[in-house]
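The chain that follows stands alone, in the form predicted alone, written as structure tokens.
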């Protein structure tokens, strides 16, 4: 059966994936996509059966879409499908009228959610029609899904339908002639029934929620509409009650209420409930002059489990960890999950630091033995940070923050241990200042080095170029990866000096290889977001090429997808200026940002680099494989080459080649290495 769907999503690929998922679930979606308010309003005019809406859009928002729907009084099921909505925002969206939410990384729940909200809409629609269907109509009466009971003017049952029998458990012959009060649950007092009859006698109608009892003795909620049926002279001859069992709606509301204060995976208290309990405990501790402790717990190297074994295994591991820790603490202690692999524990009446330390050791010990998870034998350790009231803070936020800092100190000290918060951790700003001063002179002292990773043509196996990757050879720390110092360099304003050094050094190295007779077609260099905003970037690129004596086409500059979308018109002008030199351009980490594809096709690009997060799960995750196919197809349609990053296994390379990817780089071919450590096969030497 066709299902008209309005998908509010800025990424065409994500919209297509939603539609495909609906098809897999047995629906026949006829869908349109909207990415701004104007498109959305036009879509509403078409009368869709269902709205699937991302929560965060560049020019629109799920919250605004929901408000517009409600302003127009449209009763269209609204499901949030988002990768970035937080738990608190999701609960708030449900309160504002959204029917459900589905995380993009868990698409398997989409079909179930759609079926449920469509069913709930059907029930609501039936309720709205109840008052128009009071007259006895035998076929409707016997086939409706709602229970119907008809009494005479004295209130005795004269007719019931099949749904009445199904819902209450009473056969018609057991109910007829009796007053419906035999169904009473005893959950309502006499005043409730007096008000019900007063309204019914005054207006001829009553509608509301009522709790009744089945024949089995089970108490259940129902939504009941009672209407008086008058004769031609206006005298009431019958009362008709139409009702439905709303147990599932009550359970759904109960689940929503539960999720507002609990973690959906572990059912532990969430951040909101934990903070409420901590605030309450602090008030008690102040009154009674007592101490308490907050323990911040972070699992060590949990990301490795997710990356290598998959998120389902990671979720099962989190469940087992939460059970073990819950069993290791007292019933009146509060263990909460903040998200990911972060937990926090409140110890009330922690009479000493020794008590907190004892609990911390107990938690480490309970995690020490291996766990059997989905056929894998896993051992997990944790790093714990401890803050104490009142010595380490007098309010909830301070205590949590200080426990978090202490946890990071435990990480720095080798993991699988616990640390108490001390003021020295707060003084970390001084250490940062020292690192800033050292980094400022790194270029002048010759401490920056380049490592090179090859890019290989998948079809021929030939070397097509290298990507230059900067490292900081710190005299004490050794080789520092860019992730640790590039953000700091951007923040303190020296990224321009570092970027200029990298560009010139990479061009010189390519020229040196030319002189040695090695045929390296191209050198790739990453651009920082700060560099692309620099008006002198084009001249810097031109001078670096002149100094090295290189042809412009042999240099490739890489920009990230998020950088392209930062200030689109400004970035487009800068890239056009660089492209006018003859330099090639690539988009790094493609697929992880929020590109406007209509804008992307206007950019002077040569290649899209597929982010390694998608390549990593080739052969294990069909969704990632679909994304890789889509990126390759997109690049092909735009006349661009594709480069797959993070290729580590042969089956990944085979898949990429089969799907039409052009180039690959990763550990399968070589780790990033200094120039002197690279090995050039003779087939790459020029004659």
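Positions refer to the first chain, counted from 1. Nothing here was measured: the structure is a model prediction, and the numbers come from that model.
Only in words, not in the display: the form predicted together with a small molecule, which the text now covers.
Judged by heavy atoms within 4.5 Å of the small molecule in the predicted bound form, the contact stretch among the candidates 646-654, 58-66, 29-37, 42-50 is 646-654. Between the options 527, 321, 345, 407, the residue in contact with the small molecule in the predicted bound form by a heavy atom within 4.5 angstroms is 527.
Checked against the small molecule in the predicted bound form, the residues 502, 329, 167, 292 give one hit for a heavy atom within 4.5 Å, which is 502.
Within 4.5 Å of some heavy atom of the small molecule in the predicted bound form lies at least one heavy atom of residue 470. Although the partner is absent here, residue 183 lies well away from the small molecule in the predicted bound form, with no heavy atom inside 4.5 Å. Contact annotation for residue 225: none of its heavy atoms lies within 4.5 Å of the small molecule in the predicted bound form.
For residue 155, no non-hydrogen atom is located within 4.5 Å of the small molecule in the predicted bound form, even though that partner is not displayed.
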